[in-house]
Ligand SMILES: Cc1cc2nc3c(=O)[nH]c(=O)nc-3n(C[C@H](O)[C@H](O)[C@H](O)COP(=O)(O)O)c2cc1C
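Here's a solo chain for you in structure tokens, the form predicted on its own.
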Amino acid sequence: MKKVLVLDGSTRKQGNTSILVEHFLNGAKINSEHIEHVLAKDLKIDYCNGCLRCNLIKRCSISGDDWADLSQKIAEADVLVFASPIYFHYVSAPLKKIIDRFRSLVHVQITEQAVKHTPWQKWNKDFVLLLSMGSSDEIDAQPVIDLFEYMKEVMGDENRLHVIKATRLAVIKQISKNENELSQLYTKLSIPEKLAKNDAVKNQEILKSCFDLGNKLTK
């Protein structure tokens, strides 16, 4: 049975990111009971300080926070879900702190041309990105996608990346609103009202995609 770990970077309850996660988990629960949903903001994760001691001891040298327990769960997961709103073209701060600590999972060698990353253990995992953003243009999420394309390659050739992006989400629970509710909201936000019909359909398709992906990856 597949193990799923969700690292949720949402900073508020019932936000659009949380709704994406909820639908993904509903799909995953059909096939798996080994599911854990972690809110990044509730963890005690210290900042990576770039000490490079992990190059010598093959683990993070920082102690006294939740990383040791979390990193074990990360290693055991078959499906790693990273969920976040897009803030200034990147993931939220609580999730970024966790991502920075992934540094301890690889050996880093400075070469004449660049930096070479070699994982202590190669993975065969499904990486999932669930991203919500206020922008109408998916390009705002590209820096995050570029990072995870790199991460999944660094951690082993067998890893796979799945990305779901939800755009034009300005207020809490917006992705669940119907056409009439969106129309009223867009009027207040000076967004063309004509977009409401297609957006309502698109948002429901995105939520279904989350459900279907959760179901597919846990079979």
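The numbering used is simple: start at 1 and walk along the sequence shown. Remember, predicted model here, so these are calculated numbers, not experimental data.
Beyond what is shown, the protein has a form predicted in complex with this ligand; the following relates to that form.
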query: Option touching this ligand, based on a heavy atom within 4.5 Å in the predicted complex, out of I35, L182, L169, M155; finding: L169
query: Candidate from K122, K73, K116, H89 lying within 4.5 Å of this ligand in the predicted complex - any heavy atom; finding: H89
query: Candidate stretches 74-82, 127-135, 144-152, 101-109, one within 4.5 Å of this ligand in the predicted complex by heavy atom; finding: 127-135
query: Heavy atom of K197 within 4.5 Å of this ligand in the predicted complex; finding: no
query: Contact label in the predicted complex: N16 to this ligand, heavy atom within 4.5 Å; finding: yes
query: This ligand contact in the predicted complex: R12, any heavy atom under 4.5 Å; finding: yes
